[in-house]
Structures are given as structure tokens and as C-alpha cells.
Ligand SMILES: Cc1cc2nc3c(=O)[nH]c(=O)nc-3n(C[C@H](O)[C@H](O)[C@H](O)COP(=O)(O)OP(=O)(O)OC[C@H]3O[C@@H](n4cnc5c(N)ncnc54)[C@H](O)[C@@H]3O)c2cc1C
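There is one chain below, alone, in C-alpha cells, taken in the form predicted alone.
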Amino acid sequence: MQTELLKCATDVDADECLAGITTLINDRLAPHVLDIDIKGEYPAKFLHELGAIGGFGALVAPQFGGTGRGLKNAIQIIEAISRVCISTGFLAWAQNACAWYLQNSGNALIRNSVLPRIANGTALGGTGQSNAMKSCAEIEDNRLQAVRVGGGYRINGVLPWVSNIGTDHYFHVGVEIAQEPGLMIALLHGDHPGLTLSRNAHFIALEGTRTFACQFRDVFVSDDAVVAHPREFGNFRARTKSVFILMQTGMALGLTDACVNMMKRSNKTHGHVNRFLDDQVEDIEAALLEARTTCYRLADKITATPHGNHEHDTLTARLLGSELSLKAAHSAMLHLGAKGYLINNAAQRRLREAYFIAIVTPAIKHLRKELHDMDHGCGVCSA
């Protein structure tokens, strides 16, 4: 079983990777941002091209098609994308999160057959773990129930929203098994028999993320498609949770950076009046630099000591990212003023995206609950 976080490649290799990805973002993503936001365009071509140059391989060992550059590199890639488009940054996170779960699976068949395709972007995939994470934090009941049957599990239930999926995508889910502690983590393909994908909602942001409701009607998942059995869940969760969550901070760093740049541009002509606003650009920028330093150091620490308990530090960093995103986007909107209301202006889009960062699992209230429970010795899902 692959239980260790990957060792980073040299800084030179990582810098070259980021430079190539920045070029790809500028050439192939930036021209489509308005269509992604307003028309709900799904950036499939960009995602495939990103995977081909190592954009999804940081957390995957080279023997499984990854780059092995480590968690900080994954965060930096998500951050670079999110400076331009949170929808696509979120998709990059979802793809990396899919790869990370498969990398940590004890199922050799999954690691050898599916993981390399996720790592190089040949196949795209997401994660349906929002409900599972909230059920572990005792926020809501698990929506997927299964029973053990010969050769696998039979699943029923509905997940309301899962992103970066489709009939040709993969995604994994956490399922409650009757009379067994822990959860079963299953890998599904979008055209799996008994699985129905429905687009039953439209959003004010993140409309281009291929988000579907997933209905499971007696879906049979064989043991060959099990990422982790319930008996393995406690150790699996301990290995995967901090990386899964800290990667999301890349979205917050990228969005805040973009807001700082907007504020600086506005101040060139309106600094004389913007100076009366509560949050000034130098304050937001200083907070960004501190948050980035904290995030990168924690990422390196997790990579260096993968078996350590980093959960409290990770939740704290993720919470800081949410709060900073809201403050930065709010301030950028006030700096831009009436211009920010234009449909093609980034300020109003960044404000909508900041709310997403604060609401997507784990949301601000979820993070604060888990930190409260840890600080007061309350139990959460562990088995």
C-alpha cells in the first residue's frame, strides 16, 4: 500500500513546471473566463492539457504516472489557476483530490489502471466526499447507504451536488455500510449501471464545473472498485484528510492575489478616495503574504512528516483562507465601485467566488465546528 506522502522534486523542476502552467493559463484559460462564468462553459480542453504537462501529478508517485513534486506544488498550481478563474481552480483541486485518494488506496488494480490516467489528465474526475466529511463531523447524516453482498457492495441514496464529473468521468464517494464502523470509499465511473447524473440546479458562480446530482439505485460496486473498506477507513482518513483540505487553500491564495492586483490598479486613479475604505491594499497584501507563508510551510511539513497529526493546523489554515478571501473580495468590490457591477468586470465575479470558498465543504461553520470539537475533546467519525 502507498502510505507515504511524496518527496518533492528539485526546486528547479518545480519552477519549470509552474512556468509552463502559467503560460498555459494565460494562453488557453484566460480568454475563456467570461464564458466559463457566464455561460457555464466547462474547460475540458484546458484540463486535459494541464494534466499532460504535470498539473495533476504532484501528489502521485512517478511509478503511477505522477511527478511526485509534493503538496506545495499542487497548492501552487491551484493558486496560479485561481488567480484567473476559481471555477477552474476548483476543478484542478477536484482532480488532484481524486488522484490523492487513489494514490492512498490499498487497491493495486485502481492504482495501476485508473490512477495514471487521472494523474496525466487523460481521464478527468472529481470527489463526492462533501456529505461524507460532514457526516464525519456530525453535521448531517450520510446520504449513501450500502450493504455487503457477494464480491462487493450495493449502494442506494442521493448526493445533491458532485463537481467535475460526467458520464466519462471518475469520482469517489464515502458510503455508510450497514452494521459496520467507518465508511467505505468507492470509485465510480459516470456511466456506472444504476447511477443517474442529473443537473437540477444552476448557480450564481461555479456554473462551469460540471456539477450534478447523483442518484444511486442498487448500484453494485465490486471489491475491485473499492478505494478503502470500512475496516481501513480510520487509517485512510488520517493519511488523506489534511492534504485534501489544505489544497483548497490554493483557491483562497489565488483569489486574494487577484483582488490585491485589482485594488492596486484602482488606486492609480482613485487612491485619493479609496484611502477612506476600511481595508487598504497594503493590509490585504500583508495578510496574503502571511497566509501564503503559513500554507507553504505547513505543506512542506506534511510532506516531510506524513504520519504526523496535522489536522488542527490544516483546518486553521483553511479557515484563514476563507476569511481572507471574503475580506479581499469585499474590499476589491468597494475599491472598484460602480465599475464592479459590470457583468464582465472581475470584481463582482471575485465576490461571488469568495463566497464559494467560504461555503464549499469544509465551510467556515464546518471548520469552526471541527476546531471547537478538537479543542474541547468532542468525538468525530474515526473508526
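Just count from 1 along the sequence shown to find any residue number. Model, not experiment: these values are computed from the prediction.
Not pictured, yet referred to below: the form predicted together with the named molecule.
Novice: Report yes if all three of L206, T211 and A363 come within 4.5 Å of the named molecule in the predicted bound form by some heavy atom, otherwise no.
Specialist: Looking in the predicted bound form, the three residues L206, T211 and A363 all sit within 4.5 Å of the named molecule (heavy atoms).
Novice: Within 4.5 Å of the named molecule in the predicted bound form, counting heavy atoms only, one of 103-111, 288-296, 216-224, 133-141 shows up; tell me which.
Specialist: So the stretch in question is 133-141.
Novice: Taking the named molecule in the predicted bound form as the reference, which of A119, C98, V162, L71 has a non-hydrogen atom within 4.5 Å?
Specialist: The residue from A119, C98, V162, L71 that makes the contact is V162.
Novice: Here the chain is shown alone; which of T249, S82, S242, T127 has a heavy atom within 4.5 Å of the named molecule in the predicted bound form?
Specialist: After the contact test, the surviving option is T127.
Novice: Is there a non-hydrogen atom of F64 within 4.5 angstroms of a non-hydrogen atom of the named molecule in the predicted bound form?
Specialist: No - in the predicted bound form, heavy atoms of F64 and the named molecule never come within 4.5 Å of each other.
Novice: Check whether Y42 has any heavy atom within 4.5 Å of a heavy atom of the named molecule in the predicted bound form, and answer yes or no.
Specialist: Heavy-atom contact with the named molecule at 4.5 Å: absent for Y42.
Novice: Verify the contact flag for A19: yes if a non-hydrogen atom of it lies within 4.5 Å of a non-hydrogen atom of the named molecule in the predicted bound form, no if not.
Specialist: No, A19 stays farther than 4.5 Å from the named molecule in the predicted bound form.
Novice: Just to confirm, F46 within 4.5 Å of the named molecule in the predicted bound form by heavy atoms?
Specialist: Although the named molecule is absent here, F46 would stay clear of it in the predicted bound form, with no heavy atoms inside 4.5 Å.
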